[in-house]
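So this first bit is one chain, no partners, the form predicted alone, shown in C-alpha cells.
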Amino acid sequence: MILIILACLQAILLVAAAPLVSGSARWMRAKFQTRKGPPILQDYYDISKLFKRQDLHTKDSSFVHRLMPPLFIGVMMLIFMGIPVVTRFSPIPLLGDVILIIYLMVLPRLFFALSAIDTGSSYAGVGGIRELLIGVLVEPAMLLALFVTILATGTTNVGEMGMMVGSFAAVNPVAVALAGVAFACACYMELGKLPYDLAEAEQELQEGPLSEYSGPSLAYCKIALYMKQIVVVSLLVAIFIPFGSATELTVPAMALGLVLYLAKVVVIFFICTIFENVVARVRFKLFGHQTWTVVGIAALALVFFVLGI
C-alpha cells in the first residue's frame, strides 16, 4: 500500500513540477545570454491562460487529434509511477519493466505524429513525420544501451538494474559505463534542446504538430512535453546513477533519497543548459550522423560485454 501511495505521489508531483523544469531552463538560458528573460514561473502563467481559452480543432481532424493530449499525459504519468525516484526499487514492479517503458514511450510519439497528420495541415504533417524520424534515429541507440545493461545485470526491471549498478554487482562494469554514456547522449537528443531543437520556438518543426492545437488541449500538450523531459532524465538516473536512493521504506531514508534525486536532476538539467548555450544549431540532416555515433558507442559497450570487460 505504501508503494502504491508513493507511485501516485510521484505521478502528481510530475504534473506539478513539469512547468517548473521548463521555466527554470528558459530562465537560465536567458542568464547565459545576458538577458533578463522570463520569470521561472512563466510557464505556469502561460498554461493557466491557455486553460481559460476556447478549445478548437480543425474540421478535418478526427478523434485522434482530441485523444492525443490526455493520452500523452496519461502515459507519462503511468511510466513515472514505475520508475524508482525516491527508492532503489520500483513502486509498481509491473510498470518498472524497461521493455514495457520503451513501448509506452513509443505510444505517445506515434499519436503525436498521427495527430499532426490528422489535422490536414501540411506544416503540421511535416512536423509529425519529423517526430517519427527522430524516433527511428534515437530509439535504436537507447534500446542497444539498455540491452547491454540488461545482459550485464540479468534483469529487465528498472529498480533491480539500478540496484545492481548502484552496488557495483553488475558484471562487465566497463560495458555498463559505456552503455550509460550512450544512453545519456540519446536522452539529451530526446530532450529537444540545441543543437538539435529549440523547444520554445513555435515556428520550429518540432512545434509543428502543435500548430493546430489551442486552449486546454495545447496546455495539456505543453505539460506532457515538459513531463517527458523529467521522465527521460529520471530513467537515466534510476538505472545508471541510482546512488543515494532509499533501500528501505523509512522516513529518513526516503527523505534523503528525494533530496539526492532532486539534486541529480537539477545537476543534469544544468549541464544540459550549459551545453545548449555553447553550441550552434546544426542542420537536421546531420542529426542522423550523430545518432549513429551514439549507436557506435552502444555497440562498443556490447563488444566489451562479449569480451567480458
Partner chain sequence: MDGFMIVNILGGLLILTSLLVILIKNPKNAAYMYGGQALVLVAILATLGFVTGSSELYTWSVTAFFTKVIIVPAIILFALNKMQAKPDDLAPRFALVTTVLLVVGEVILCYLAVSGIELPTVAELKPALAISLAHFFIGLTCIISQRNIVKQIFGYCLMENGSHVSLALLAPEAPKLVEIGIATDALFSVVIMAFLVLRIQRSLKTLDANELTKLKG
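Positions refer to the first chain, counted from 1. In this text, all values refer to a predicted model and were calculated from it rather than measured experimentally.
Below, we refer to the form predicted in complex with its partner chain, which is not included among the displayed structures.
When contacts are judged by a 4.5 Å heavy atom cut-off, residue 154 does not count as touching its partner chain in the model of the complex.
Its partner chain in the model of the complex is approached by residue 171, whose closest heavy atom lies within 4.5 angstroms of it. Although the partner is absent from this view, residue 11 stays clear of its partner chain in the model of the complex, with no non-hydrogen atom inside 4.5 angstroms. Contact check for residue 309: a non-hydrogen atom falls within 4.5 Å of its partner chain in the model of the complex. Just one listed stretch, out of 222 to 230, 174 to 182, 115 to 123, 95 to 103, contacts its partner chain in the model of the complex at the 4.5 Å heavy atom level, and that stretch is 174 to 182.
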